[in-house]
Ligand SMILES: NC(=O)c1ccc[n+]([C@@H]2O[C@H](COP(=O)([O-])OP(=O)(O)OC[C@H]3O[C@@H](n4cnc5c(N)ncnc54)[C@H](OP(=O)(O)O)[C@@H]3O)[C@@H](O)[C@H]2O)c1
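One chain is shown next in structure tokens, namely the form predicted alone.
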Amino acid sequence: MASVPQINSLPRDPLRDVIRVGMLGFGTVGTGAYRMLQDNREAIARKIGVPIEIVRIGIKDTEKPRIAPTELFTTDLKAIVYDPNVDVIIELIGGLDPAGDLIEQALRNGKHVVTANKELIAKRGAKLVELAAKNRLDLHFEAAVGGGIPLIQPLKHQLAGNDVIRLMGIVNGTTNVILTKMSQEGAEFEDALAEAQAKGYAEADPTSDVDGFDAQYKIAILASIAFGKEISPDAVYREGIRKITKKDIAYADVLGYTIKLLGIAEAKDDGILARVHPTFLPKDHPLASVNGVYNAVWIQGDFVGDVMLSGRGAGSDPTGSAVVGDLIDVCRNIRIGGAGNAIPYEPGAKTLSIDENVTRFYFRAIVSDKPKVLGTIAMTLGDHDVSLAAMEMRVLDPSKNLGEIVFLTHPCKEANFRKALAALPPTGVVEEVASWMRVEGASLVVEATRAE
């Protein structure tokens, strides 16, 4: 791209009669945003003070039928970024390249940018935000996290006076659909995934969703803004939901919990701990009742207290709505000649290993059904500073003298818990640790049992 001459920042003209927008990409989200801009164009123009005009749309496939006039489309995406008549670029291509280079050049060319690109913002957001701020331009990315739920703007503005203590959320709709199906209908993971794919909730290759990459990017973005320092996705611990079974779901229910894939980021004395993994969540927690395609983020601020934001987390209309909301904000700034609204965050947040996490744990073990097994397990855990809070045992196979025990621990350090599991006596006591998960909060059922 260096061979193309750079264009200086375009002068702002508060008296302009139209704001011209170029779109890069016109898939599901682009179509939703375009339809909203057309259907609500008069109301949007009133809110801004001038109308918005989509002047160019960059695409790859010229043969695919689309709802916009054919004369708007071009396969030359770079030409849109260099067009002096374009005021705002909406990037909806996704991925790192060529989207990253196109956004960077758009900012250098004096164009404001709206994007829904979570991977790009998670991995290169600090650099792009700094460039936008330097050039007094807007770089908005509300649609990159949570679909139609306003999350970025509240963190940047309404909650900016707070020190965020912790944020925790369901930020991936696909996994929430799958876990809801497993919880409500007793389905196994593979069956729930197949149905989600058949209904269009999951991709043919579901890796990004079910293995936690999508949520990892989103938590990296939210945590960077919430704590004011760049947190790389690589610093966010990640686990997916493939290993969850309907048996784990059933035990969670008996113990007063539901299982959700959560993204969690919290401020500790010596750094930020950010993580994505399946979690036992008490049924009385506000996030526990967020089901299906809905997402939600629960934020704890030092002054505001607890705040939860919820809504549809994906899809053409909700995500397109977030794109249009960002665009309206940008256009208002252009209209009044205001400064850019890109809020930089510092590089290099100190992040902590998942080994430093302190929480409760659930684990399910296949054991020999004979005397002293429970005492042996409890003693081994105790040797690693892990104590038990609750237990449920069932006989699996009387002929083989095998049983299944489910444990909930008291809060302990994760490094200690992992060492304790590794030290459990093998054959003759613990035949297999079938599964384990982290537990957030306290279940009313468990607390009532302990009180008795």
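If you're wondering where the values come from, they're calculated on a predicted model, not measured in any experiment. When you see a residue number, it is the position in the sequence shown, counting from 1.
Note that the form predicted together with the named molecule isn't included here; everything after this is about it.
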**Message:** Can you confirm whether Leu92, Pro98 and Lys118, the three residues that make up this candidate site, all sit within 4.5 Å of the named molecule in the model of the complex, judged by heavy atoms?
**Reply:** yes
**Item:** Lys60, Arg41, His410, Lys47 - the one with a heavy atom within 4.5 Å of the named molecule in the model of the complex
**Value:** Lys60
**Contact assignment for the named molecule in the model of the complex, among Gly301, Gly325, Gly315, Gly292, heavy atom within 4.5 Å** = Gly315
**Asked** Out of 64 to 72, 48 to 56, 381 to 389, 410 to 418, where are the residues with a heavy atom within 4.5 Å of the named molecule in the model of the complex?
**Response** 64 to 72
**Prompt:** Do Ala143 and the named molecule come within 4.5 Å of each other in the model of the complex, heavy atoms counted?
**Reply:** yes
**Request:** Report yes if any heavy atom of Val406 sits within 4.5 Å of a heavy atom of the named molecule in the model of the complex; otherwise report no.
**Result:** no
**Request:** Decide whether Gly22 counts as a contact residue for the named molecule in the model of the complex under a heavy atom distance cut-off of 4.5 Å.
**Result:** no
**Request:** Although the named molecule is absent from this view, report whether Tyr34 comes within 4.5 Å of it in the model of the complex, heavy atoms only.
**Result:** no
**Request:** Output the sequence-ordered list of residues from 20 to 52 with at least one heavy atom within 4.5 Å of the named molecule in the model of the complex.
**Result:** Gly25, Phe26, Gly27, Thr28, Val29, Gly30
